[in-house]
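What follows is a single chain, given as structure tokens, in the form predicted on its own.
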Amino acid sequence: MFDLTGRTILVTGGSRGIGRAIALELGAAGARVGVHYRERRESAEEVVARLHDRGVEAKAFAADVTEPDQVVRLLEAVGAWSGRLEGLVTSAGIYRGPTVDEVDAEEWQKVIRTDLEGSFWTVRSALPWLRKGDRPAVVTLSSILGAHAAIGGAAYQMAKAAIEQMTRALSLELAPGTRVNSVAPGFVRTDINRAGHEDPVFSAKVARATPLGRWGEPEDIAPAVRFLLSREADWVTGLVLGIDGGLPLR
């Protein structure tokens, strides 16, 4: 089930964290994978090399998703390589955690432009290639903080909330040709939140608050993305799927 053989999929932010796990998962399912990165070329090439070792066709692509012109060129490069897209995963993102009285304008704009605007312009630029694909699908990356508030990181929380509404809006606008869904991870052990999961007190607090008793791993998120991109999910669109160990239940 959830076979992706013959499908070309671009994963933004695919060089590390959740994006890396997704790229490897999609390759294991048979997809041809484009691995996007901004600065971490060596990390992206390592993901591509792992995919090649498994017999998967893959290529790394660089772009700054905060720059719409670069996003257009990114998708043109992917399109020249693949000729089409059956899938797109917008997992490029950053987190900044200052409180409202500490955040400055530059930091605020960087989060909004990367997490929200970068996701939107990637989908927008991918449309010509998605429309050439067979039953194309998009998966955006939200967060548990898109629907549940916390102290600090307001820009990140607002960007993720907006991504969820963007997902719903695009699912209507692009139907019936292209499906659009989102996944909303809970507390997952990645580089972006290393300070949290390496803090023994905070890490234990999260584990206690989570009904399933632990932090998530990137590999906990990737299979759900694989499902949403597969033909088994052909009647699923506009969904925001929480993958969070049950944390919102408490």
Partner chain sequence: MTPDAPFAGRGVLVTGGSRGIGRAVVLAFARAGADVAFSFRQDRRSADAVARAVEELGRRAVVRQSDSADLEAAAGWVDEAARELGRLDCVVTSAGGTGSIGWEVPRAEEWTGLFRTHVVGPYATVRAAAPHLRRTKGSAVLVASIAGLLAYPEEIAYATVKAGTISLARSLAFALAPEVRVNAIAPGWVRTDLTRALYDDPRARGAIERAIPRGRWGEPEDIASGVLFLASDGARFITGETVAVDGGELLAWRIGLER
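Numbering follows the first chain given and starts at 1. Quantities reported herein were computed from a predicted structural model and do not represent experimental measurements.
What comes next is about the form predicted in complex with its partner chain, which does not appear here.
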- 4.5 Å heavy atom contact, Arg179 and its partner chain in the model of the complex: yes
Give a yes/no on whether Ala224 approaches its partner chain to within 4.5 Å in the model of the complex, heavy atoms considered. yes
Is Gly242 close enough to touch its partner chain in the model of the complex, meaning at least one heavy atom pair within 4.5 Å?
yes
Tell me, yes or no, whether Glu67 is in contact with its partner chain in the model of the complex, where a contact means a heavy atom of each within 4.5 Å. no
Note: its partner chain not shown here; in the model of the complex, the stretch from 154-162, 81-89, 102-110, 168-176 having heavy atoms within 4.5 Å of it is 168-176
Candidate spot Gly6, Gly17 and Glu39, all three in 4.5 Å heavy atom range of its partner chain in the model of the complex? no
Those residues of 222-237 with a non-hydrogen atom no more than 4.5 Å from its partner chain in the model of the complex are Pro223, Ala224, Phe227, Glu232, Asp234, Trp235, Val236, Thr237
